[in-house]
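Below, in structure tokens: the form predicted on its own, a single chain.
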Amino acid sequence: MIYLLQQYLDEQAIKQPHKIAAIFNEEIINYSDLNSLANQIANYLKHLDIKHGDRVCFCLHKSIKSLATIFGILKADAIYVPLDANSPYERLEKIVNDAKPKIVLYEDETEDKIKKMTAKDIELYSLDSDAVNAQITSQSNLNPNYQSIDSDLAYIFYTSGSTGTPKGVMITHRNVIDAAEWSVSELKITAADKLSAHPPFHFDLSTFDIYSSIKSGATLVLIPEKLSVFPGALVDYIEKTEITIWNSVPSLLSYLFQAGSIDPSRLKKVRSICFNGEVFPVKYLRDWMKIFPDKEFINMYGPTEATVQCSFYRIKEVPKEVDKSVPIGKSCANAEIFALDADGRKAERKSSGELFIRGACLSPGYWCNEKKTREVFIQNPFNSKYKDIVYKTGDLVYLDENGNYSFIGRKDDQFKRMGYRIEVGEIEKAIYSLDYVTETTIIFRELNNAVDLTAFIASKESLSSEQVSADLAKILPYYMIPSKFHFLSLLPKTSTGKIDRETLKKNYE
């Protein structure tokens, strides 16, 4: 019986030891060797006195070694805490101070950041050190005896906090196993598949790739980080490695289309294109579906607190209208999603409300932050008989006549302007409908009892505020038209590929 994530790897190493488990550039590793390396890392960690429930941070770029490190930490009965190798050391230090790991693993490229940190009582070890590697290779490559159970934490992922301090989302083995079992079953993933691993390992989307692949005995294709800015080279890599299931944030798919890197002759081996993490502008989704009418397109929704995905929607036909969102659909197996209106009643069809989630996907809460946990992980308002926790997402959704939910926007992205209640997402959809817009995002601020609404727009054309305002006036009421416009060739992105709204706020205050 599988009840720990590392047992997926143990099982594949026995069933198909010589099958390729992972590919990274020209490097490959089979299941037997990946399991052996993970075991050696686990036994090395135990040699360093890592015990059940200890946190181990790592600041490593994506590679086969970092993949083995994840499994090594799990096999040591520890909890892995990935650090964004591209983040400034100040943010990393906040995470390390909060997670309180016993050790931090790093590499040559991240050494400067890690050694700048002033966190106390934490030992630092470089996986590029000859001495450390010699100690790892001297360890036994046999599976350790596991003490963990399925309710123990597998990892803590840190997300941006509203106060500026990152908050750690705790995820258990059972949470991820439930998600992986659903993914493999619903997408019919088999050992013959090759799954993309585009997101960095500190982004929760990566867990879909890793554990769906290892659970099914498929091959995980690690996408080199630098390829995201070279669309032609990225498509070449997808074809060369014969990826069959693609998963990424929609921004990357939009970028590939804008760059002219896809056409019907490309990506012949890809059968499923999954996207998650943000809204996919319909104008680009339509283009993808027209170019590849035979491929499966799946919109998956799920905050980090719900372990990658809790709902999904298979898009069976090209959307007709660009100003409507693609539904996030219905709940995955063993999960329930529902919306509550302003009066606390379940939203009926053709109405909207705040989305709530329940099921085996739910995180136990935030690491060392009981106050925040109690705020959003609450007792099911429809069950007073026993403990039944639901997660209050802060996402506003609409329930259509077919029982599918659609994302409207964030509750905290709602504001009043000139007496009207407005959703940021509605304005963004309207701007995206303009042919000359390639990317956009909206930032609003309350100044002197008025709302300052700024639109950031990327376009290949030379634009003026007057032109865009005039075009928006044809599709939006006057009170929803931004008061300021900034035009850029590209909007900045975070390390996870999403539009970096925080950078825009800082640079254009």
Partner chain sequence: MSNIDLIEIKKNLRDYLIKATSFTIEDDERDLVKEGIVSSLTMFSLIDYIEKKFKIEIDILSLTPENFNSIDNISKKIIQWTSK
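None of the values given here were measured: they were computed from a predicted structure. Numbering follows the first chain given and starts at 1. Rigid core (definition): largest C-alpha set, two forms, superposition within 1.5 Å.
The form predicted in complex with its partner chain is left out here; the points below concern that form.
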Q) If you check in the model of the complex, is V229 within 4.5 Å of its partner chain, heavy atoms only? A) yes
| Within a 4.5 Å heavy atom cut-off, is T159 in contact with its partner chain in the model of the complex? | no
How about E466 - does it come within 4.5 Å of its partner chain in the model of the complex, if we only consider non-hydrogen atoms? yes
Open item on the list: Even though the partner isn't displayed, in the model of the complex is F71 close enough to its partner chain, meaning a heavy atom within 4.5 Å?
Closed with: no
Among 452-460, 468-476, 52-60, 29-37, the stretch whose residues bring a heavy atom within 4.5 Å of its partner chain in the model of the complex is 468-476
With the partner omitted here, the residue among N97, N404, N141, S261 that in the model of the complex has a heavy atom within 4.5 Å of its partner chain is S261
The listed residue (F292, Y211, F356, Y255) that reaches within 4.5 Å of its partner chain in the model of the complex by any heavy atom is Y255
N299, D413 and I443 - do all three of these have some heavy atom no more than 4.5 Å from its partner chain in the model of the complex? no
Looking in the model of the complex, the residues of 405-420 with a heavy atom no more than 4.5 Å from its partner chain, listed in order, are M418
ask   = Any CA movement of 2 Å or more for K474 between the shown form and the other one, core superposed?
value = yes
How about Y386 - superposed on the rigid core, does its CA move between the shown form and the other one by 2 Å or more?
no
Checked in the model of the complex: CA of G419 to CA of S351 differs by 3 Å or more, atoms lying farther
Distance flag for G394 and K416 (Cα, change 3 Å or more) in the model of the complex: the two residues are closer
